[in-house]
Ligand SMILES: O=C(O)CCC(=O)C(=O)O
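What follows is a single chain, given as structure tokens, in the form predicted alone.
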């Protein structure tokens, strides 16, 4: 496969134009998506959590990489970013052929530290096809389940640069145009492009494009804010109900509540029946945001009861 240029567009480019690029290339960079002040505010929200995040414990995740989650619970600025009209318009336009509802799939900050090596090339949609323990095994996905996703775009991902992304500090390596290749494709090194971006720019990429973090050969950390969206009928990778539980979610924007999963994916996926009180069966998940704070426990016979 020959090398294809990574397209760069203004942040306000119409979603229809960006969708055409994503359908062809699987990736595009939106230049200057967030202002310097917005990046500083996000950093202020998240820095205490980033600084205390442990390094990963596998080659795939990166032995010199940290991942910080629960962004919707932790950061007011990340909440605003997750429902930015420019992104939601693109998500709805690009994923519309495959579902009628969408959801947050992953929210995390990925910090690549100096000395980190190149990540294994992969497709993010492999999350639903049983990615094996990171290794050199071939193929890296379940050979029965993975083909079921062929032709379905399961997700749309964003990576906002909280620091400059350069080839030297581990900018995401991506292969424009690889979305249509088989899972077993062996891509030559020259097909990869480093998604170099200035702080505040954003890489948007699909779940089917081959990519991976680059090696950090610099003396500085590379930090990206990763927010992904997936089809409403798929299991979320990041368990949003636990990462952002009802006691926090109840005070959020209704658009964000729905993206977290506190809504039914029509016609009936994700309905909710509170254990108590009786008579509220088959409710919308939004009911969980309206429940009283009185906790419930199991009595001696194993039935739920309110705790006085």
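Heads up, when I say rigid core I mean the largest set of C-alphas that superpose within 1.5 Å between the two forms. Residue numbers count along the first chain shown, from 1. Computed from a prediction, not measured in an experiment: that's the story for all the values here.
Although not depicted, the form predicted together with the ligand is the subject of the following passage.
Interface membership of residue 60, defined by any non-hydrogen atom within 4.5 Å of the ligand in the model of the complex, is confirmed. Taking the partner from elsewhere, residue 64 is found to have every heavy atom lying beyond 4.5 Å of the ligand in the model of the complex. Put simply, residue 212 is close to the ligand in the model of the complex: some heavy atom of it is within 4.5 Å.
At a distance threshold of 4.5 angstroms between non-hydrogen atoms, residue 172 is in contact with the ligand in the model of the complex. The three marked residues, 110, 119 and 159, each reach the ligand in the model of the complex, with a heavy atom inside 4.5 Å. This chain appears without its partner; in the model of the complex, the one residue of 79, 105, 222, 125 with a heavy atom within 4.5 Å of the ligand is 222. The stretch in contact with the ligand in the model of the complex, judged by heavy atoms within 4.5 Å, is 204-212, chosen from 71-79, 140-148, 204-212, 85-93.
After superposition on the rigid core, the Cα atom of residue 268 is displaced by 2 Å or more between this form and the one not shown. The pair residue 267 and residue 88 is looser in the model of the complex: their Cα-Cα distance rises by no less than 3 Å compared with this form. Relative to the shown form, the Cα atoms of residue 105 and residue 268 move together by 3 Å or more in the model of the complex.
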